[in-house]
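Shown here is one chain on its own, the form predicted alone, set out as C-alpha cells.
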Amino acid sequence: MKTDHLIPLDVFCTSNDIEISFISSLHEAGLIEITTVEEAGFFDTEQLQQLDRYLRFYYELNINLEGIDAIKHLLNRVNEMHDQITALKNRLRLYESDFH
C-alpha cells in the first residue's frame, strides 16, 4: 500500500509532543480514521487540519472527547445550513432576475 499521503502517528505525536493514546481515543470515538500498515498507525494528510483543531480543543481549551464530538456535529450542521442558504440565495436570484 502506498503511504505517500499518510502521516505516521508515532512521528506526528513525537514531533508535536502528543500522547498517541489521545489520537487512539479520537479514532475510537470516530473522530479520525487511522490506517494500519505493517503494524504501524497512519492518518491521511486530509485529516491534518481537523486533527489540529481537535488538539487545540483538547489541550488548549480543555474540552473532553464528548465535547469535541458535539462541536464536530454542530460545525457540520452549520456548514450544511450554510450550503442550504447559499443554494436558496441562488434560487432567489434566479427568480428576482425574471422580474427585472
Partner chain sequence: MTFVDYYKILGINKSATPKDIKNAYRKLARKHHPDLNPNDKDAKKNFQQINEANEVLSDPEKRKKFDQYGKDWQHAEEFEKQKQYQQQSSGTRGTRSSGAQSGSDFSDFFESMFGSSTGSGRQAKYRGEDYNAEIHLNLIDAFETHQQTLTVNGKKIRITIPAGIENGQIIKIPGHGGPGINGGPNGDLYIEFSISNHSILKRLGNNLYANIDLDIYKAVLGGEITIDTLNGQVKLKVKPETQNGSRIKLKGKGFPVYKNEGQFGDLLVTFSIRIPTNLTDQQKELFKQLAKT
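Predicted, not measured: the structure shown is a model, and the values here were computed from it. Positions refer to the first chain, counted from 1.
There is another form of the same protein, the form predicted in complex with its partner chain; it is not shown, and what comes next is about it.
With respect to its partner chain in the model of the complex, the three residues 5, 38 and 81 uniformly fall beyond 4.5 angstroms at the level of their nearest heavy atom. Using a 4.5 angstroms limit between non-hydrogen atoms, residue 56 touches its partner chain in the model of the complex. Of the heavy atoms in residue 60, some are within 4.5 Å of its partner chain in the model of the complex. Although the partner is absent here, residue 71 sits close enough that one of its heavy atoms falls within 4.5 Å of its partner chain in the model of the complex. Contact check for residue 66: no non-hydrogen atom falls within 4.5 Å of its partner chain in the model of the complex.
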